[in-house]
Structures are given as C-alpha cells and as structure tokens.
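As a starting point, one isolated chain is supplied in structure tokens, in the form predicted on its own.
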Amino acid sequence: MADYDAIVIGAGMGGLSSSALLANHGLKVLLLEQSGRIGGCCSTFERNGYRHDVGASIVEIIQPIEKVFRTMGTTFQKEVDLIPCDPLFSVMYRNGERITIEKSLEATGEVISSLSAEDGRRWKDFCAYYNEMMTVLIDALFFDAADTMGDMRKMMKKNPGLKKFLPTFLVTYQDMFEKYFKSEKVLDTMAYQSLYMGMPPALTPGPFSMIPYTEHAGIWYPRGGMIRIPEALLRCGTKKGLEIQMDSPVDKVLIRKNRACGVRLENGREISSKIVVSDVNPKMLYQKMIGEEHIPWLTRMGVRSLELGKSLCMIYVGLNSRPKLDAHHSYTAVSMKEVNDFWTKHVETGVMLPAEKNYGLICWTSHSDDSLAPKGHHVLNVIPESFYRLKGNDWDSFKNQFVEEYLDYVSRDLVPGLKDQVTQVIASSPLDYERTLRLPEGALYCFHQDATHQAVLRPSAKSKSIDGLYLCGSGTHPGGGVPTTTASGMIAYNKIVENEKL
C-alpha cells in the first residue's frame, strides 16, 4: 500500500496549485520542497526589516489564479489582499525624460498622441483588436492541456474564436507592434515588455504582444509581498489535509514497470505514492531524477533539444527615503533593435554590455505597500539585463562589480541620487538562482518561449513515457510567469482526474 495518493515535487506555483487541488479533491497528498521557503520565484524574503521579492513583482492576467481558488470553494480576493497598481509603469529615457502610463486606455492614448498624432489615432484600433484577442487567448490557452495534437483540436473546437488569431502565431511580437505604430519613440515604450516572456521582440511569438494591453485590464501587488499568493494556496491545501515537508530535496523518482511509484530523497529516505507530480525543470526531471534509461529514445532526443531560457541578476535594494520614481514598475526606454541586438551580440556571445548601455526594470514595491520596509524607508528590486554564461569570467567573481557599476549608472542617469539613499544591497546572480532555487542556468522561465517551445512542443502535463507521472510549472504549457505556472498546476490536476482512478 502506497504512503500517499500523490507526491508533488516542488512548492513553486505549479506544485502548490496542483497539490492544493488534489487535496481538495480528497486525495492524500505530500508536497516536497527542497528549500526552506515556498513559492519559488514568486516568493519574498526579509533582511534587516526590508522585505524583498525573490523574482516576480506583480501579478496580472489573474483569471487562472481565480479559477484555482474558486475550485477550492473560495476566491483569490478573499485569500489575498490585492493592491491595484496605477499608474501601471513609467518609461525612463536615458536623457532624463519620463513617460508615465496609467491604467486608463484613454489617458494612454493621450500620451501616445503627444508622441505621435498618427500613432495616437491607431491606438483605438490597437485596443479594439487586443481587447478581443485577450479574451479569446486567455480562455483558450490558460485552462486546457496542450499535450497532443488532439488536445489542440479540442482547444480549437472549444474556442472557435481562436481561429481569427492563429495568424499571430506565425509572426513576432515586433511584427505586431510595427503593424500599428510607426514612431520610434512610441515603439521604445513597448519593446521591453517582450522580456516578460524571456525573449527579445524578434523572437517572442506574436500572441504575447497582448501583454502591454493586458496590463490595462489591471495589475496587482499582494500586500505583504508576492509570497502571499503561494501562502494562500498552501493554506487552502492544508485545510484539506495537504502535507508539506520543507528542506526535502528529491534525488530520484522511483520507477517500477514503467510507472512512477514514489521518490527517494537526497537523505536516502524512500516515500511511495500512486502518482508523482513534478514542478521541477523537465530536463532535470527526465535526465537526473528519472534517468534516460527509463525513457524511449524519441523522448530522450526531445528533452535534449529543449533550450534553457532567460536568466537574470536581481539587485535587492533598501533605501532610507523615497526614491525619485513614479510607479511600481519603471523600465528603460529601449528600441526593438537594441533588445534584439543584446540577444545576438551579448547573450549568445557571453560579452556583457557596459553599464551605461544596459537597460532594465526597477520594481518599487514599497510604492504599493509601505509595510515592506521600516517607516519612511523603501525597497526596490533593480533588474539589469544579464545572462548565465560570461565569456572569460564567472558570476562569483563578476557579480559585485556588475552590481556596483549598474547602480552607479542608474543613480547618475535614471534615478538621480539613488546611491545616496541606499542602506542595503543584496544581489542574486543567475548562478545564485541555480544554486538556491535549483534552476538550471538560473533560467527563471525554464525554457525559451519562442515558437519552437510552445504548446505541444513543451513537455506534456501527462508524461508520454512514464505512467503515473505528471508535470507542471514553467517548463510545461502555458509557460513561465505567475498566472501561467498556476494554470499549469490546474492543467496537471485535470489530467490526473481524467486519467487516474484514485
């Protein structure tokens, strides 16, 4: 007799949502987390009175998260105090100029018109198209499995409106925006958001061009930090009997007669179960935790072909006073060409840009929630563009220099006097993320999210090679991000209910 109905490996958003839903379904579930903190990249830590978010800094497209909580008999809003963020973001030009974008579509249209009257007229057409696109794609892509072509046919049948937007999958994020807008200054306010998918505009699939529009549907910050979302999922799960063990890294998934039947922890303890759900990087799962001897050659080749995605360096900053910023998020105005060139000339070569040529995002979380810092103080997450492999260097040697030079640049050209306010600086490099979160190469989005890593081309929620094995998390459909990884947990849960007799 198995110890548990289900063992879930990893307490990221996918593992938490799947385990909570399984417990709510009446199963005996054990959730194993390798670290001492839940949430993965959607988490928060405290240092000297400052609360910093590990990775994610806002939540948007909340429909999948709402559906998970509703399935458990509650609501997202009841479980988490969500603070609306308005303005949505500020765009910082290197010459000191700024543009602030509010939630209001009309106000944003006025800003665009001030930059280009022609583009301002096109903004209404853009909004009309993307309002319909957002509704259709969220309903179609966030709630159903995409393991097989049969799943894709079901998705099309269930969502006939999807046919209208299929052509967007054949073009890029950049193509979509250049169709509507001609002014370089306007386009410079929209290039950076392609990186929310971990790819430059020339490689990000066209459907993700809806991101700058979906932000106008609302972005929120959980009071107390991003960890409040995983805490709420865990709280709902434990009410239904979910068990969790922290600091319990898994070494192996146990396979008998081609079926997952439990796990072995790194301390040697074996725990049996009827099924196993994995919220770890699928390459690590199949190649190390399972072993290629247990999977057919076609699966081996497929797993090997998956390319790890974007990594980053996060700088956590404590300040003794209010910074000269205008919104929860502020990012550097940057052209489509600059972002594309960074990918081809730097990410792919390992040669880092000098600080004054770099660009990035500043998350001023205490702007939305002043409880994150001591009274009168503030916290920032500063995110310059970076990558895992450095030519002729390594992150342990380079991190301090990189952080110092980038903060000097930000303080001089983007946020005047910032360094004079700094009381604390902590940084996580791609190598640090690899060590602490066990993300290979620090890839926060797991795999690339270009056209070659979408839907059926990502690892399946129901393993095609191992019975009783299910996958969720950023490595599966619908990809990386807080709502998407949460959705992946529900997709895995639905697959289990559909296929297993538990």
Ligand SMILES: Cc1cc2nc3c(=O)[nH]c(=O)nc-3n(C[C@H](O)[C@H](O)[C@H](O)COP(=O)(O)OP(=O)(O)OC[C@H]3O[C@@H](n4cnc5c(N)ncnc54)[C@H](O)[C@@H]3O)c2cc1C
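When you see a residue number, it is the position in the sequence shown, counting from 1. Because the structure is predicted, anything quoted here is derived from the model rather than measured.
There is another form of this protein, the form predicted together with this ligand, and it is not shown here; the text below is about that form.
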item	value
Contact flag, L439 vs this ligand in the model of the complex, heavy atom cut 4.5 Å	yes
This ligand contact in the model of the complex: P64, any heavy atom under 4.5 Å	no
Proximity of Y470 to this ligand in the model of the complex, heavy atoms at 4.5 Å	no
Non-hydrogen atom contact S35 with this ligand in the model of the complex at 4.5 angstroms	yes
Every residue of G14, L312 and G480 near this ligand in the model of the complex, heavy atom within 4.5 Å	yes
Heavy atom within 4.5 Å of this ligand in the model of the complex - residue from L444, L27, I466, L30	L444
One residue of C85, M289, L308, L319 in contact with this ligand, assessed in the model of the complex (non-hydrogen atom, 4.5 angstroms)	M289
Among 333-341, 174-182, 350-358, 277-285, the region lying within 4.5 Å of this ligand in the model of the complex by heavy atom distance	277-285
